[in-house]
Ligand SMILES: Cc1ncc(COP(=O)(O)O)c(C=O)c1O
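Single chain ahead, by itself, as structure tokens, in the form predicted alone.
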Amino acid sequence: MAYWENLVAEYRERTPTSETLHEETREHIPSGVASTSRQFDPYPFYIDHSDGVYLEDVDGNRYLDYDMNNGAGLCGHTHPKITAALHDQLDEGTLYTMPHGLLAEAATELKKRWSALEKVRFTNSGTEATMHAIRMARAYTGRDKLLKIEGTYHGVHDYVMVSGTPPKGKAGHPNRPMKVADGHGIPDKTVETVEIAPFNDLEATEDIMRDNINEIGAFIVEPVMLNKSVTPPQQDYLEGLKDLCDEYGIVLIFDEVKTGVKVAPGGAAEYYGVQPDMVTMAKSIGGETSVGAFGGSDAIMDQISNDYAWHYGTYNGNPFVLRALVTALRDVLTDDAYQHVNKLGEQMKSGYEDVIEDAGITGQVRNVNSQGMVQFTDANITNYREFMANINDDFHRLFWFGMVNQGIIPHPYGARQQWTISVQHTEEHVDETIEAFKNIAPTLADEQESWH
């Protein structure tokens, strides 16, 4: 407890202007933040500007950043090619609400990366992308029910806000999880239309499909669970899901909002060699602008053309964000860029592992190329229940604040998150990060022993 109090005291000493600004902002904005995940105790630090791989807060503290906007920053901050393209677009207009050449250009860049995409529509966020994809799948199958994985996050529309973080007492049997609304304001009738399956369990998933035969129209899954640290699929799991969905006539949606263009150019679908029926995308496809997309086969997507299923939006596919998307995918996220971030990912993983071993910390590193996370456990985590049973969020914050107080943001706040290594990070940045971890590792080892 003394170590935590010392960390907080140091944090407060470094960030007095942020504390004042937080108190002021809370008078106008709930919790003083624009998205609830950005709130943490004692208060979040407030940013003045970003540059490359750095954030600088309002107190002048400079941070080497691996949060990268919850993974939206594979290109890094203010990438010169994207910045130049956006300056040019500002002179040409940012919103037309009429079609323009960038629509086909941007869709083509996405289709190059996912063979499952025959047609694409654009949105303004990942939440919108998953919402519309689910609607398209339901319309195509004529079935109302949605199947999703326990413990996963797919945005903040009602149908996916079920059993994202169910408490232990209400979670139900591991093979047949209960349906638990994520907060108030979600109608019971909506929750009734959702079924919940455990990750990495094909047998339990098929049992649920069989018990709801001809009722489930869509199955949405993060191919790598990136809302629970980094929890990858077991061998043949994704292929097995595709086979089951084909057998039961269910549209399989890969939610690649977080994995898309990051774990591989064509996301997890490319990395694991499994193409779903539909894909949802956002975050890093847009070079840190607010853009999402969803797509699939002609048969599914042409429902929009014939007004069988609706998709509207004033800001959808606006030229400003699509200019950033095209520039990011065509000019920044090249083959050389992927080789670079993947190499740094392995350097980061091995660096953390070496320090963990040398310091006698119980822990491991899970990563998929540019995405990774330190887990302070030796358990092999394969699903939500195992994550909740083995990961101590309170202990993990000792690591996070210990790094932040040294000017390193190791990942977004919380043990459920993961780092993103951008194309602008270097070997020297990774070395600096590992050195910072070395500084706190002995204390973490002692704290871990006392926590047990």
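Numbers for residues come from their place in the sequence shown, where the first is 1. Quantities reported herein were computed from a predicted structural model and do not represent experimental measurements.
The same protein also has a form predicted together with the ligand, omitted here; what follows describes it.
The ligand is not drawn, but in the predicted bound form it has a heavy atom within 4.5 Å of N227. The closest heavy atom approach of G155 to the ligand in the predicted bound form falls within 4.5 Å. A residue is said to contact a partner when one of its heavy atoms sits within 4.5 Å of a partner heavy atom; E222 meets this definition for the ligand in the predicted bound form.
Using a 4.5 angstroms threshold between heavy atoms, V257 counts as touching the ligand in the predicted bound form. Heavy atoms within 4.5 Å of the ligand in the predicted bound form belong, among the stretches 124-132, 356-364, 324-332, 87-95, to residues of 124-132.
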